[in-house]
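Here you get one chain, nothing else, as structure tokens; it is the form predicted on its own.
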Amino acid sequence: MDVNKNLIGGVWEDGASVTENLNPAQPDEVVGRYARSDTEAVKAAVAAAAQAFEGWANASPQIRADLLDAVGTRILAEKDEIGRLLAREEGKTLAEAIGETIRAGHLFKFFAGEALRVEGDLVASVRAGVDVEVTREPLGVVGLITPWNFPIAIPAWKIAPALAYGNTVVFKPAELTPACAHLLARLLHECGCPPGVFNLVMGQGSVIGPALTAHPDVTAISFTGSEGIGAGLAMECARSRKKLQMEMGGKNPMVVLDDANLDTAVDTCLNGAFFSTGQRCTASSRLIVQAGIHDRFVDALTQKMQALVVGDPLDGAVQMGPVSSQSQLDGNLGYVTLAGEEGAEVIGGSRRDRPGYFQDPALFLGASNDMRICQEEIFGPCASVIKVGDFDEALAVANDTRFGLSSGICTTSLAHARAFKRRSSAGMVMVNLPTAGVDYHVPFGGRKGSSFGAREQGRYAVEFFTSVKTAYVNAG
């Protein structure tokens, strides 16, 4: 099996070693072999990006728009093939994988348009004869670090705006899912991306991440991943005065009020908690249910949860695939054990007796919000059910977390929906919709421990990927 190489300065380069990408549904199946880089590869990639920056930053925005549009077109045309690759390397069901691939294509096409819409202002000065111009300019070399759970969509929503606004890129994907990252690099290369404008460096985060964040020629870092790694990045970027954008997780609440439509509430929570095997930072991991509907809701959700078809993600009948790795599975099962130790009633959650990293979805009933299972991000198909008395208690419990990414409420009351939208301490709020599942053309991000820096996606992406320049001109 050939080794898939790094892309540095427009050339496919070997790494210091090679790693095998394994299928989490069939761990004895090698999806591909990929370069594993050392710090020298990072230095070479940053040098190539720095050299290419001036030409790319000063190129016609039409050139940038055409490149991104071409990549988006290729992704959409090859969505079935790419989706199959994504399902094999990450474990999403084929339908979810193709849906994520389509989203990536739409992201590239959206930012193709944004490349032509970088706006500024002409402002009257308080001084006679002086004009004031406010413009946006690219930052320079941007390092992009992405996680394994959305191996094509998250890279797309970082790469596309970075390039659209005239930056050059060094991209470090998760070591667990290099296949989609390498495919994106190949598409950019084949669609005519100039050498050095986009560079791919694959390998261990513990090696590449520090080398990238410490490099003096990298002006900004956009990171999606864990809280712990994010804290270290923040310290390093503060020392080197790099611009930083981070998305780091959530412990997202879904409130179900007595007046909710039961079917809507159950379907919404089933999707939010268990689809994509619960491996979404926006997953509904805390189900906060008012007492009057609690028992009916739990019975109905339990039935639907236990009926989910768990298995090979390439099987069209399967609704939930494996978790991503043995270490993730071990962590999930540890939380299932912890739930019982903390006094919750555990329904489901067992490991499937078959090859692959399969786990039954789990509900933790009778939970209280101070339990670790309700405060720590599990990142698997596990959801805690917390019973509350009224709306005010539900809102207080929903906000009682160090995270603040996404929140939701199921209700037929306009008053409760309006109050929840205003008072929820989350960056994104859903009404009668799952906490997971967002549009590509609007801002994405949270508050508190979930996010740091400017928002991602949509027109708000310009805030991170550009800097503002104010110019004064004496017209006299």
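These numbers were taken from a predicted model, which means no experiment stands behind them. Numbers for residues come from their place in the sequence shown, where the first is 1.
Keep in mind the form predicted together with a small molecule is missing from the figure; the text below concerns it.
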- Note on the structure: With the partner omitted here, the residue among 225, 356, 349, 380 that in the predicted complex has a heavy atom within 4.5 Å of the small molecule is 225
- Item | Sole residue of 373, 386, 197, 233 within 4.5 Å of the small molecule in the predicted complex, by heavy atom | 233
- Segment assignment from 339-347, 298-306, 199-207, 314-322: heavy atom within 4.5 Å of the small molecule in the predicted complex: 199-207
- Query: Quick one: does residue 147 come within 4.5 Å of the small molecule in the predicted complex, counting heavy atoms only?
  - Reply: yes
- Contact flag, residue 172 vs the small molecule in the predicted complex, heavy atom cut 4.5 Å: yes
- Query: Any chance residue 229 has a heavy atom within 4.5 Å of the small molecule in the predicted complex?
  - Reply: yes
- Would residue 167 count as touching the small molecule in the predicted complex under a 4.5 Å heavy atom rule? no
